[in-house]
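Presented below, as structure tokens, is a lone chain in the form predicted on its own.
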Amino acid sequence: MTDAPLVFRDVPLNDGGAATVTLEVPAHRAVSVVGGENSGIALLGRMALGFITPTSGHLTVLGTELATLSRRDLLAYRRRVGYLPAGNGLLQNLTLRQNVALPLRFGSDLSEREIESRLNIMLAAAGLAAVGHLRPTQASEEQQRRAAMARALAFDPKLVILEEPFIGLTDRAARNVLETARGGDSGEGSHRTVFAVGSNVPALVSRRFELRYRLIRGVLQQED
């Protein structure tokens, strides 16, 4: 039995199931998996969120076997995990501030006054206080990613899943995104457990991941 927040055990990344992935993401660590378009990399994050159910093997997140959850329980589970989707997932008809507010308005029982107060703190921490009124199309790529990250961290989750988090960002901006996800360091490691998947991790950012893997045609290889 493991206390790792995220565990893939013999999980197939293709219909045939010929190649399976076994991976533990330890608590308070940042773990990256990179891979090409045909490697199966796109499935890892979606499986961890319960958007896709593995055809075999076991996938455990925060101590819960996702395959055992009902639809209602799965929705409740997703509120416990921070999720930064590829492309940010921001709603274009809302401002950055309104996008960040979504989980607070629809996933909490906070009063409007409490929500506005928390939003002010979140936007200031994300460096968005002066641009919260902008719609995504009016904001820079970095500002959009910061807003999406602030939204993902609305409930200070223990586990954060990032899909293609660094595309379109400078090395500096990419580093800031990762450090925001980590939530600072403590004696145990980073405040949050971070699992990032995508096609590339900038060299400047890569060394901030304690564990690094490369997925090649469904086979996971650990990198130095």
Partner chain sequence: MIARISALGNVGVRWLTRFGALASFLFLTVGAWASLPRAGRRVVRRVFLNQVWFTAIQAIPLIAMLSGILSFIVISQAVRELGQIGATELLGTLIVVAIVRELGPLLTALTVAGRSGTAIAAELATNRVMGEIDALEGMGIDPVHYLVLPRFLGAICSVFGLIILFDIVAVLAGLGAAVANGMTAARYFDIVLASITFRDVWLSGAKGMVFGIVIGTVPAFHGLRAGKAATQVPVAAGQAVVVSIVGIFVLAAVFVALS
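Computed from a predicted structure; not experimentally measured. Residue numbers count along the first chain shown, from 1.
The next section is about a form of this same protein that is not shown, the form predicted in complex with its partner chain.
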Exercise. How about L90: is it within 4.5 Å of its partner chain in the predicted complex, going by heavy atoms?
Worked result: yes
For this session: Please run the contact check for R145 against its partner chain in the predicted complex: heavy atoms, 4.5 angstroms, yes or no?
Result: no
Problem set entry | Touches its partner chain in the predicted complex: A129 (any heavy atom, 4.5 Å) | no
Exercise. Does its partner chain get within 4.5 angstroms of any non-hydrogen atom of S108 in the predicted complex?
Worked result: yes
Problem set entry | Joint contact, E179, R182 and L220 to its partner chain in the predicted complex, by non-hydrogen atom at 4.5 Å | no
Exercise. Looking at R46, H191, R175, H58, which has any heavy atom no more than 4.5 Å from its partner chain in the predicted complex?
Worked result: R46
Seminar exercise, completed: Applying a 4.5 angstroms cut-off on non-hydrogen atoms, the residues of 114 to 150 near its partner chain in the predicted complex are I115
